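Okay, here we've got a single chain as structure tokens, the form predicted alone, with questions on binding and movement later.
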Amino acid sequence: MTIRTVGFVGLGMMGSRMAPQISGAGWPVHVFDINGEAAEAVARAHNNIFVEESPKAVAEAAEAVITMLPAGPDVHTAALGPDGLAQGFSEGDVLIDMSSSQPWMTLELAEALKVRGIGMIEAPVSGGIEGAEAGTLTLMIGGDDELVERCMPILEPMAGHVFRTGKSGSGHALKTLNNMLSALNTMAAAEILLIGTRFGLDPEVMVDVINQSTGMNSAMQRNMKQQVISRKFSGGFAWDLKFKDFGIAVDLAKRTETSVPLSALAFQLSQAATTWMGDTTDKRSIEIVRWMEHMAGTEIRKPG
């Protein structure tokens, strides 16, 4: 069955940039967001995007609906709650969850929709706002192969890299583990730069050397000069979303009975940083370095 019309629920920082990639590729896109003004703004700025009054109305207008929401519970509410997607779907329609959801909740939702004749795959993303804007996100797709193939034409306009991860839930599991590793990379890189700074090394030189050596990681490549040494602290993932994903990964470790002492300690430190920061509404994930600087009594700056 060819997908002729697409739905999109969740037009935040990511969704508002992802939905236009689909409409720009030729599909009519019916959208809903609890912030009606945000939905109207996206529709005004882009052709072929139409605002609906509820998730149910979105599902009634589309054969496939994408959710891009904060977490699994939000996806469940959008799908199964009052005026939810399930009330508007027809048999054979598909839900594509691109949120960073809990893998076990994805399995539960997929089963609940299956008994209604509705398919579900997940395609969580990496690449942030820049990737969403450029249509170069990395997609981690889990679910039935036939459903995935059916949905690929509407996913490809948003993607630079597409990876099949396996069965339902696998995409969300890999996404949250990637974000756990990203958090560990940032904290490890900050500790190294703090030691070097206190010794008297130029942190910019440290970054340059490490990025050509075995200690290189994504935080050294993308954040330390650009966000920390520059003192901008303005880019990257939202703190609350990154911390949420870190917690999901720790929960996944518990559910799989996997001992993760290093990751568990880093999560506890992130909890301490959250308390120290207070209101994290507008904070970015790189703010963990500010807390580490506070604990060390040193800022990572060029000498002089």
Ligand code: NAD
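As the structure is a computational prediction, the values presented were derived from the model and not from experiment. A residue's number is simply how far along the shown sequence it sits, counting from 1.
What comes next is about the form predicted in complex with the named molecule, which is not displayed.
Comment: 68 to 76 is the region of 186 to 194, 206 to 214, 151 to 159, 68 to 76 lying near the named molecule in the model of the complex, near meaning a non-hydrogen atom within 4.5 Å. Taking the partner from the other structure, the named molecule in the model of the complex has no heavy atom within 4.5 Å of any heavy atom of residue 295. When contacts are judged by a 4.5 Å heavy atom cut-off, residue 286 does not count as touching the named molecule in the model of the complex.
Interface membership of residue 81, defined by any non-hydrogen atom within 4.5 Å of the named molecule in the model of the complex, is ruled out. The closest non-hydrogen atom of residue 241 lies within 4.5 Å of the named molecule in the model of the complex.
In the model of the complex, 175 is the single residue of 165 to 186 with at least one heavy atom within 4.5 Å of the named molecule.
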